[in-house]
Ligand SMILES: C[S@@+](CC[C@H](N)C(=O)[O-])C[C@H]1O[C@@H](n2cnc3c(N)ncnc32)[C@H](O)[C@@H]1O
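Just one chain follows, in the form predicted alone, and it is written as structure tokens.
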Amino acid sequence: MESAALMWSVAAVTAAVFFWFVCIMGSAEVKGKRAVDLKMGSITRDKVQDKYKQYWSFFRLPIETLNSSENVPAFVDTFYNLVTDIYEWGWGQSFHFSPSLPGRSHRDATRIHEERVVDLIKARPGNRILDVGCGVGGPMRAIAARSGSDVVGITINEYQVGRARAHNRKAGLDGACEVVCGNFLQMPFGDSAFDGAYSIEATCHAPRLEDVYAEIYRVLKPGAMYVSYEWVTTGLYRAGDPEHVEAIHGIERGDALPGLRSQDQIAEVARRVGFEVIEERDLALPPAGPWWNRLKMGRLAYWRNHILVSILTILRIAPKGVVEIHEMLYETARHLTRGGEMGIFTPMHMILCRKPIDGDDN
């Protein structure tokens, strides 16, 4: 009798734990995807592991090939097929960092960080605003709701287009938010088509920043504002320090970056393509709290998630390769944290630009 009671207790606890892991961790509409819904984008189940290996083979290419505008888009597309579902599961619908705010949740800090864009580019009702590298559209929805503007997002990943459109419909914002699949180096928009533009931690995927900034400049109306939150190395980075190099290379490999740029290059590039630089500063500096606190997931939390994706893979609910992708993202989080703690990397170098009106002195 006692053994039967013990078995029932164990079964009840196991069921409760499984329910918590699978059904509670990661609501599909609030926090992101559920663990049981990890599909790895548009990659077929039997190709996920191969695509993961193909992703890592990119970093064995010669540097000139690595930085080629012809190769990078497909590489970035593969990356987001591999990681979008895991990002949504563990991170939510906004694939970016934000400064920690005392007494505020990560979710509140994310929303405030996104809504800052509205004031910076002076977005208002009736405007048509461009989101350059929109992901699954978390920032787009926050900015459209706050400003009353119509927001058009572009992402190179077709799977993200579908996810963003689904989220837009469920938020009741599909009339204000449009999503287009395309390469932000060659955007399918006419000249002077937008009243403003922004990019949040997206242009770091461009092999040459000049190319994407020039495209944004082209599609903006004269007088329009553009703001970008850039991933950069800071003035504290030393190329001769092995610890610095390991952290930065780890960030590049784990986030599909052809190469991080330094903080002092951004304004120069913006001016070169024609922009007037209005303001430039690192939003991660004090009084902002450490942005990497969100990444400091304890070992227990990591192993909990690792065990879950392993079980789902064994049960063939998740495709082979998900465990390796989860491990890659955990390692990347470690490198990002070290970069932030050493002060050699920031994901929040803000540059605010204006496209001059004809006759302005730039």
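So that there is no doubt, residue numbering starts at 1 and follows the sequence shown. Small disclaimer: the values here were computed from a predicted structure and weren't measured.
The next section is about a form of this same protein that is not shown, the form predicted together with the named molecule.
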{"query": "Proximity of residue 275 to the named molecule in the predicted complex, heavy atoms at 4.5 Å", "finding": "no"}
{"query": "Interface membership of residue 133, the named molecule in the predicted complex, 4.5 Å heavy atom rule", "finding": "yes"}
{"query": "Touches the named molecule in the predicted complex: residue 195 (any heavy atom, 4.5 Å)", "finding": "no"}
{"query": "In the predicted complex, residue 95 touching the named molecule (heavy atom, 4.5 Å)", "finding": "yes"}
{"query": "Stretch from 165-173, 234-242, 276-284, 72-80 whose residues place a heavy atom within 4.5 Å of the named molecule in the predicted complex", "finding": "72-80"}
{"query": "Candidate from 202, 117, 266, 129 lying within 4.5 Å of the named molecule in the predicted complex - any heavy atom", "finding": "202"}
{"query": "In the predicted complex, the residue from 219, 177, 154, 247 that sits within 4.5 Å of the named molecule by heavy atoms", "finding": "154"}
